[in-house]
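Both blocks below hold the same protein chain, though in two forms, and each is given as structure tokens: structure 1 and structure 2.
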Structure 1
Amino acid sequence: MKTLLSFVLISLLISGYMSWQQDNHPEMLKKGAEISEKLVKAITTKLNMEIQKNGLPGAINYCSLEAIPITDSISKMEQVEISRVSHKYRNPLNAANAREIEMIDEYISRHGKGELLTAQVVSEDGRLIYYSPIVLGSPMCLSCHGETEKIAIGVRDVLNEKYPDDKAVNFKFNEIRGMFKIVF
């Protein structure tokens, strides 16, 4: 029984990985890292600035790639499509697909064991896609993604109205929030 179960599990794993291929593309890994680092910095700076200027409710629209102009210029310059995907998403447009959820689960499990998390390039339908994990690495993120009861009422009201099906709450500090996705 146990052998059968392992067999089924292994087959599932293999079939899950058959539909796409993980590749090692050093130049894409480098480019992807550069782009995602720039964007993380830009979003965090923008969020901090808006929080200081207008308070948390006033900053809600700025945790978005669209809200920072360099996303557009980088996309055009590098001819890439940039997005963020999550298993627990706020904007349904950022929902991870089945394969991406597998990748996020893997990151969560490795992160839990304290392993180093590395970016990956996979090829799908003839296109190369770079993924890197996003960790909730700043306490500031929790003001909008942390425990529901601890999110300020003014923020909660705006979130409820804008994102009625919000799944991006109850995260803890240092948890995996999702992945950067850069389609080359």
Structure 2
Amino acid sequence: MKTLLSFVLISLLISGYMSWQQDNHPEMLKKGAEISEKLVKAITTKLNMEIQKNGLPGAINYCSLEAIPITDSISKMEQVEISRVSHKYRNPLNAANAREIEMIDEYISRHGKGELLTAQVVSEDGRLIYYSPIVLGSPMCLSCHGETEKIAIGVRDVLNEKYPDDKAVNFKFNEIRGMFKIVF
């Protein structure tokens, strides 16, 4: 009887946990997509300029110094908290929590099956949180996130200096890098 009761309780906990993952909020999905698109445009525009001006090592310096202020600026303007989370992070501040790792793993699994990846809005502690997968869809991404031995030595040197515990490497083109996270 205790075993059956334990099984029922665990099943209820798991089903409650799964409901954390799927709340339907179309207006938040739209707003989250707009905000994440705005962020990507702001960062990639300046990143491309920096690459042309100072090469990839200069772009790494730019990312480590300027991406956070740009993100903070858009966060303030939109009155949200924006971050990126990953299972293989470069900056420890971007480490995904256990629930987010499960979500990333689900995205990776679905992506591997060729399924369409969609953003989702979840409810946690009375807050709505938008998550959208980040896919390395440009070969340029692999210049800093690709296979370690294929990353240029000068780039590797800067990455090793700035991020000695870097986990954001050894990705392949079109792989899931993590997720955008927007807390409303």
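Throughout, residue numbering runs from 1 along the sequence of structure 1. Rigid core here is just the name for the largest C-alpha set that superposes within 1.5 Å across the two forms. Bear in mind the structure is a predicted one, so any value in this text is a computation, not a measurement.
K.L.:
Is the form predicted in complex with ligand HEC shown as structure 1 or as structure 2?
P.N.:
Structure 1 is the matching one, since it is the form predicted in complex with ligand HEC.
K.L.:
Is the C-alpha displacement of S86 equal to or greater than 2 Å between structures 1 and 2 once the rigid core has been superposed?
P.N.:
No, the C-alpha position differs by under 2 Å between structures 1 and 2.
K.L.:
C-alpha of A96: shift of 2 angstroms or more between structures 1 and 2, rigid core aligned?
P.N.:
Comparing the forms between structures 1 and 2, which are aligned on their rigid core, A96 does not shift its C-alpha by 2 Å or more.
K.L.:
For S73, does the CA position differ by 2 Å or more between structures 1 and 2 when the superposition is done on the rigid core?
P.N.:
Yes: S73 shifts by at least 2 Å between structures 1 and 2.
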